[in-house]
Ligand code: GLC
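To begin, one chain is listed below as structure tokens, in the form predicted on its own.
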């Protein structure tokens, strides 16, 4: 007589059936032609069951809670904070000691930048992973990571870490076995006996780091093989056409989920599938893979969601949130890179026309079972993702505008308020990307050097306007570590051998805890005003139900080129959000707000009425209002 199944077994079986088609239906399209497909599906099912059985009881209850409240990540109280563990607190034990600070700031989501064990030496900032099951020894242990996530959960904070899907470090165990001649593991990577195919692929590929890692393939004399290395010589691209790679990554993903992680940031997913004659980015098979990976999480760790890192054009990015057959079943979060780019573009140009066109034309009002991760700065450079077509639509040259933005934010353009640095200049295309801290790009560094009181005030207001924008536009706003303290560019990176070639370390400073200890200071300093302002913005966002991620966002036309506006069309009533991207005074009439459904003239950001003489709303330099 068969043994009665336990509650846990029955629950697993139900979740397996719920997502069966989303997992095996997708995988059959990729691997169904292989003679070992049935055995592969059996091994995958076993891996899912083993991960579920190993899942701690407290996380199974978290799964149940988030199954019942599946919009948890879309709620307005979700406020994010992103940091490198060593630069924020030294190590994982130090992070646990700083949770009071994060909680006081209003943070309910933290992203620990790459913390899994990297290769020694240059590791591309931690994205060259040597072991997915170990933490970087400089930061702590896997047990400490698990303890920190538990402590975060107890304070209502969800935790995100990076999972690099496209490649491993060449020192990873799989790569070492491949290098030693094990044919099974050689098939985990993309290896070639001569350069015939690499040259054929290379003809349509794009170089990611042309300055210090040109080309997409590396030759290794000891094995007489060419290996696909999209990003760096030490990062070997995985062969996702091999189902064993999918199986291995599911095991890794669920191992990390069982340590308490809530969000897995899937790094470089656009590059997973290779096809001759293409850029080998965002091929249809990529979305099939990501759909299947999401289904695997829903079966064995349902409280875990996926953030898909795809810094590409809007039309290419939206499918990472699920479009067509993948609608609602792929990524739950994706970076709104266009919002970030357009923020800095409009600030430099004092013109929001391009911003209004791009955000109003290319993005739907809402997406299914997903939302954006919104930000004005991150750990990476700024690539000016402005297409020639979008630029032409508003009467400017795409090449000229991109060049203007690089010159402006490097600080070389006449009248620029910014101080940044170039990153990875591509002489063939003219592409010039920019590094720099939020406060320095917004003008604070230059204004402080010049003792320019008006410039300081404008810089502070630019910073606060940007954070009010990402807090209201729709999604989880991500605050980059130190921006709340108005930290400036850190030029000491050039003295660190492994960082000196990479200007992005300019905006990856050490956390200034001495400065943090002096705040709040009643607004007596620029950093004090920024700190108070950002903390207020996050608190007000959390208090506005209309900022739920599922609420549609509709871009509006104010008739003024210096203003950007949108409406959040909430069931409880419209919220009209307006931002002044200039250093000049302006305003909008009460009738304009009323015509867009916001007639109360109450600003939810200041939590006060705002109508002036004649009912108009006066907008000072870099003003921001959320009118109910």
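Since we're looking at a predicted model, the values are computed, not measured. Residue numbers count along the first chain shown, from 1.
One more form of this protein exists, namely the form predicted in complex with alpha-D-glucopyranose; it is left out here, but the text below deals with it.
Taking a 4.5 Å heavy atom cutoff to alpha-D-glucopyranose in the predicted complex, the contact residue among 535, 548, 259, 508 is 508. Note on contacts: among 267, 407, 490, 77, the single residue with a heavy atom within 4.5 Å of alpha-D-glucopyranose in the predicted complex is 267. Heavy atoms of every residue among 231, 235 and 504 are located within 4.5 Å of alpha-D-glucopyranose in the predicted complex. Comparing 468-476, 323-331, 455-463, 120-128 against alpha-D-glucopyranose in the predicted complex, the single stretch with non-hydrogen atoms within 4.5 angstroms of it is 120-128. Within this chain, residue 187 is remote from the site of alpha-D-glucopyranose in the predicted complex, having no heavy atom within 4.5 Å. In the predicted complex, residue 379 approaches alpha-D-glucopyranose with a heavy atom inside 4.5 Å. Among heavy atoms of residue 167, some come within 4.5 Å of alpha-D-glucopyranose in the predicted complex.
The closest non-hydrogen atom of residue 309 lies within 4.5 Å of alpha-D-glucopyranose in the predicted complex. Taking a 4.5 Å heavy atom cutoff to alpha-D-glucopyranose in the predicted complex, none of the residues in 176-190 make contact.
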